[in-house]
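Have a look below at one chain only, the form predicted on its own, in structure tokens format.
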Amino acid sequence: MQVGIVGKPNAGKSTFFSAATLTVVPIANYPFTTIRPNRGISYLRTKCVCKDLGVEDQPRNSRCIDGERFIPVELVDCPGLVPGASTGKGLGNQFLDDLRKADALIHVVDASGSTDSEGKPVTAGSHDPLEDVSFLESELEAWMYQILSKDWDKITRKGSLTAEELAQSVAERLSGLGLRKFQVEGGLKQAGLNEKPSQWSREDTMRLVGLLRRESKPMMLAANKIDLPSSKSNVPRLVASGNLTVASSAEAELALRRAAEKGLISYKPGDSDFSPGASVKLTSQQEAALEMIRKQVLSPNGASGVQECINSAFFKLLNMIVVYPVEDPERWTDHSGNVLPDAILVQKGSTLKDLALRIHSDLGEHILYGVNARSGMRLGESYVLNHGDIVNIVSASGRK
């Protein structure tokens, strides 16, 4: 799954993306620094099961540091969106097309109110960040409306449709956004629309689009620039907007990660503090800069917020869980003897068979049963996986 980093220009999107991925991208204090999407790998941070089992693991597809699993995920930093993007203003058309494959969105908002709706610098606190939230949602929905309404007359000419035919027609038009027929059926029911689309008003269709946007592109807010004084009163207002919101300072996180990369400090993404590096002595200027980050960001907020945003996007918006498939359920190893080698992300509600198909189609097609490696209990293919499960999958074609 892929999470898009979105927002207006100059809100800190590229800094957030760099802090989350350590990918070098253009960062500057002017609009449209990013003109094409940047892609990079970030990491989810979650407690590893190795601590519960009292073993030292040997990960292959992820990293384990001090009992914390860091699981790779893909992020894409999209060009900035400005009001009118759905009609082509700014880099709107390009921006919106870049979002087609994103499963969820992190909207980086300038919580300090120091940039206007187009990303131009203004006096701190003079712009209301809630306007940015409203306009981005509106532009996304206007874009989806355009996609849905293209050749809409072909549907309306049919007059009355069955509920299934209508859902299928809408789903086909929005299939590029990842929407499925059952999601459209739920949206139609929630919107209270009948099976005669020729009778729908534009407001009716937009109500449906809003529901489908939230289903296909769930979004959270990264209330950025919390180190600036004018952010203090705005963060609670963003939280009160009803969106999942995390206070963050992408600039502080980027500074901490770069310092850790150079060995100046000991720090892991999401930590609430840092400590001096073991072999490199800090200059007085470096000490002062890091102490300012501690005082203005880490101490009052508990962390920079960037890692919490990544975790929230996957664990809360996308409802993902982490499971550990093994081939030897008694030793928790793969065929090479690696302990807890793989940590795999699956959606909550996934079954043992879903996991088997994810690992290999042949394994899923020939699954016999599974084994809970913690308890030794035998599991059926319809067993619903839980976060932290360690499972062995037995199939007619082999073992995992």
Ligand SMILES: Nc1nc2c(ncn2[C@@H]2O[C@H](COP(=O)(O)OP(=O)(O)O)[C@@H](O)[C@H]2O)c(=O)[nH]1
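The first residue of the sequence shown is number 1, and the count goes up from there. Bear in mind the structure is a predicted one, so any value in this text is a computation, not a measurement.
Below, we turn to the form predicted together with the named molecule, even though it does not appear here.
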TODO: Although the named molecule is absent from this view, report whether Ala102 comes within 4.5 Å of it in the model of the complex, heavy atoms only.
DONE: no
TODO: May I ask you to check whether Asn392 falls inside a 4.5 Å heavy atom distance of the named molecule in the model of the complex?
DONE: no
Task: Partner contact for Ala259 in the model of the complex: the named molecule, 4.5 angstroms, heavy atom - done: no
Task: 4.5 angstroms heavy atom contact with the named molecule in the model of the complex for Leu228 - done: yes
Open item on the list: Looking at 281-289, 129-137, 237-245, 250-258, which stretch has residues with any non-hydrogen atom within 4.5 Å of the named molecule in the model of the complex?
Closed with: 250-258
- [ ] Could you run down 1-15 and flag each residue that has a heavy atom within 4.5 Å of the named molecule in the model of the complex?
- [x] Lys8, Pro9, Asn10, Ala11, Gly12, Lys13, Ser14, Thr15
